[in-house]
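What follows is a pair of forms of the same protein chain, given separately as structure tokens and numbered structure 1 and structure 2.
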Structure 1
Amino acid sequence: MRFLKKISKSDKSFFFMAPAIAWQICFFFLPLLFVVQLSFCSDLFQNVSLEYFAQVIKTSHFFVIFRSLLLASITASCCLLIGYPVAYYVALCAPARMKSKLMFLIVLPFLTNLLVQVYAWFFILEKHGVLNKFLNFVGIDVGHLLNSQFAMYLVMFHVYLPFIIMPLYSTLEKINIRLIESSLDLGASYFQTFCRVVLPLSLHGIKTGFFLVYVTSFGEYVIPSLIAGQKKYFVGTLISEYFFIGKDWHVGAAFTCLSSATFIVSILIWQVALHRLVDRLQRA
């Protein structure tokens, strides 16, 4: 109590900050701590053992983490490769009056319910869907498009593309177009201008967008469970299976911790890799 009194006398602003910080601690840091606790202890913060981790490693579920890392990496790289030219065009090439309209069309899917977007793909990919009808018309029979890895990657790419275009656009838009013009005037080729002027200036946007996609697609639950079918597990689907169907929360929590740890390491690796890549291109 004395502690509180001391704070309130010296500093009223503490009370302004208290609700948000308390909320953040109660519903963000405490749950995370709880998961860690659950994975190590059989009772609340007691009986520490590595038994649950051993159980996770024993099962082949360990490979699920790598599958999810692959999924996140491929999705984020594809989105970057396709999203960059789009952001570049909208930010630097499109006529000024078109810019806000084009960006409107990019942000709209981002703000649309994910389920609606996934649902929309059913009409394209179903057995009687638009794509199959078209392919049959042309004379190609591909059978079931839904419930395949290809379909899942396609939908992932579709859903996460706007995520990467938005931050890329906001950094590319700030680049002074004179810099590009003067680089070209001074005799650099397009490729050189891109590598040495545009790319380094947009590195911040690349990183923000890439990791935005990477983080959200790693734990993705909806798309794998609805599009990829029940055959293959991903981190998101497996965790929810542990918690809803298996009811083995300790092992589930251990798996969650293990995948999060691997995930954080992979983020660091990607960070270094992206820097290296941009560096190398800059010297090219």
Structure 2
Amino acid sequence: MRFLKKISKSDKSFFFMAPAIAWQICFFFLPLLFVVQLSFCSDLFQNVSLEYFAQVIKTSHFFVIFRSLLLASITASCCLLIGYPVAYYVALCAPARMKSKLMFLIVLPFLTNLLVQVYAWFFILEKHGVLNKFLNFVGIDVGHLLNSQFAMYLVMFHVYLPFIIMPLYSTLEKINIRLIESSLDLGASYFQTFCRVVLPLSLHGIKTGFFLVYVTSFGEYVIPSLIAGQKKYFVGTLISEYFFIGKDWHVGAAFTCLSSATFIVSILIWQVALHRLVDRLQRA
């Protein structure tokens, strides 16, 4: 009680955070704790062993993790390369009266269910779909687009692009346009102004958007299953196999922990790589 009274006097906003904290504890930390104990214990917090990890430490499982890391890296990188110019134009170049309309078009996919978007791509990419008919019309025969890696990456890019534009727009909009004008007036080129003024000021938005896409696309289940035709396993599909089809919860939990640990290491590597890239561009 003393603790609660102390908090109520020092920071009343704590109580407004309490529902969010309780939600996080109940639906994130407790399930996470349950998954970790499943991977180590054959009974509830008893009989601790590394038996289940020994079953998942295989070359084939590391290939699955690497495939998901590659999927997440390519999706996040493509979204950043395309999303940054879009966010830059909307935030700093577009007329004020057009910004709300452009932002509405960008967030429009959020208003549509993911399955509806995926099945819409089905009709576009199938053998007799719109895209194949157009390519055949111009004399290009690409065969079956559906159930291919290209189709999977294309749909991943389309679905996750708004996730990176939103934080980038939020960061770029806060940049004082006079800083850019001053840099140009002092003789810097557009490229130098971008590298030494705009890019460092938008680094926070770059990292937020990049990792938002990277984290969510790593465990993607729906798009690889429906668009890529389940030809290859990814982390999300393999975890689903263990938990819901094989009913082998302990091995599934061990693989979840192994893939999560590898994923956290990859995030640290990307964090360092992004900082070094920005530093190098600043010196250009």
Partner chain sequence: MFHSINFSKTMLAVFVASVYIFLYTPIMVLVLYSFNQGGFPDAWQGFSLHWYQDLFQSEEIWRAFLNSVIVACVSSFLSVSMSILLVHGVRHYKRNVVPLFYVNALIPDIVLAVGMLSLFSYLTVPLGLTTLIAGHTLLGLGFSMPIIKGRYDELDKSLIEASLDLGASMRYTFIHVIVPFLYPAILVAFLLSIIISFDDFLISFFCSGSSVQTLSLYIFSMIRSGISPVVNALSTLLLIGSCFMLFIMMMLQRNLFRD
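Each residue is numbered by where it sits in the sequence of structure 1, with counting from 1. Values in this document were obtained by computation on a predicted structure and should not be read as measured data. Take the two forms, superpose them, and find the largest set of C-alpha atoms that agree within 1.5 Å; that set is the rigid core.
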Form predicted in complex with its partner chain, given as structure number: 1
C-alpha of residue 261 off by 2 Å or more between the two structures on rigid core: no
Per-residue CA shift, residue 21 (Å; core superposed between the two structures): 3.7
